[in-house]
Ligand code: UD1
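In the form predicted on its own, a lone chain appears below as structure tokens.
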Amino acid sequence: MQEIMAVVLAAGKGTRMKSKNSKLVQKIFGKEIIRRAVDNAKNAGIDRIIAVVGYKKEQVMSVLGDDVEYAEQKEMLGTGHAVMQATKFLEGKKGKVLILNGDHPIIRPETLKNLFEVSNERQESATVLTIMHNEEIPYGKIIHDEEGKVVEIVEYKDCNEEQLKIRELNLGMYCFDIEELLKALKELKTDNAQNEYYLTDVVKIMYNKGLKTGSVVVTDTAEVLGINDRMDLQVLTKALQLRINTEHMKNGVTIEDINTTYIYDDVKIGIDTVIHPNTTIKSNVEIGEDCEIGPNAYIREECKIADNVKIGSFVELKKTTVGKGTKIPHLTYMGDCEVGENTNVGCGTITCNYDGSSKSKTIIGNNCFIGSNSNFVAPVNVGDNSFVAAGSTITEDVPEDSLAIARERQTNKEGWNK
């Protein structure tokens, strides 16, 4: 049986991140770098993934859990050495294995799928993922023969003057024939500038045996960038932000300011919805059609917003469902809440969902009017067609068709200030 496997390299120290934690557990839009790398492989159709862990391995393993199998690299002796630690999972298998970097979190699954599909079509034993780049950056150089085969990959530190002029660069991601990879790994040596086992040498070993070797060039350089420090983290966060926002706009969503709108990558938004500037929409959120969100809105996890809803400025929602046609225009917090259809929630409304030990739910029905500066001490229900007077603190259920007033009667103490 032909297998498609992946080995994700996740053992490096990443000291330039300047963190007490592994750089691989730093987050982009709420998801760890290593989690993104593994999910990209899974979404490319690869079910069996081996993570090679080392530095801060317990943090990486805590993030990935049982979704992958693990090999450990106890000594940092190069990328070839890292892959050697995973050979026990490859032995006896036939098919393809992708070698991926755990610190390249925004590569598209389509790019990975194309890599192994092209490798299969060309019947190549080694297919290298590359980019064309005119600037001088310290990536390995791709050497081709006259037929277009990849002869070798020369690491930047080992390049001569002529090789430094080559513009096709290695990204450190490959698709190998499993059986040929296992053979080539046994031939690796450390006679290079860093005294390490270079995985890049596997390509030269295969070429010298007369096996087919090639490259696949990626045109979007942003998706194949890696992360070494916090500046890189910011660059990739921005790249992912622009990718997500662009995709929503292509699908019929108006985003007024693409640079100040942060939408996590599993959010669903209906057509003709408008997102105003300085809006953040987090994971597992669904927004319907013809809605208006923001500016300065914060839609947190697990919110469901129906069609024709307005979520205005300085509104925060968390685990809240909002019915069709409802308006929450400004300065409101609603957490652990259900709001029905065609309800208006006034300025300064708060659901008091946390009592210090547990969280409770507020349910507000259809066609309600919530006056400004109202507080709902959960758990509490407000029936359909009800009004809540401004300034009320609601601690008991409100029946349908009622007016709830829960505030102290005004008292004036004349002359008190004297």
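Counting begins at 1, following the sequence as shown. Here the rigid core means the biggest group of C-alpha atoms that line up within 1.5 Å when the two forms are laid on top of each other. Computed from a predicted structure; not experimentally measured.
Only in words, not in the display: the form predicted in complex with this ligand, which the text now covers.
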Just one of 318-326, 78-86, 247-255, 279-287 has residues with a heavy atom within 4.5 Å of this ligand in the model of the complex, so point it out. 78-86
Only one of 130, 119, 200, 261 has a non-hydrogen atom within 4.5 angstroms of this ligand in the model of the complex; which is it? 200
Checking 152, 155, 223, 292 against this ligand in the model of the complex, the residue with a non-hydrogen atom inside 4.5 angstroms turns out to be 155
Looking in the model of the complex, any heavy atom of residue 348 within 4.5 Å of this ligand? no
Under a 4.5 Å heavy atom criterion, is residue 228 part of the interface with this ligand in the model of the complex? yes
Would residue 16 sit within 4.5 Å of this ligand in the model of the complex, counting heavy atoms only? yes
For residue 96, is any heavy atom within 4.5 Å of this ligand in the model of the complex, or not? no
Residues in 105-125 with any heavy atom within 4.5 Å of this ligand in the model of the complex: none
Superposing on the rigid core, is the CA of residue 262 displaced by 2 Å or more between this form and the one not shown? no
Spell out whether the Cα of residue 159 moves at least 2 Å between this form and the one not shown when the two forms are superposed on their rigid core. yes
Core fit, then residue 347 C-alpha moves 2 Å or more between this form and the one not shown: no
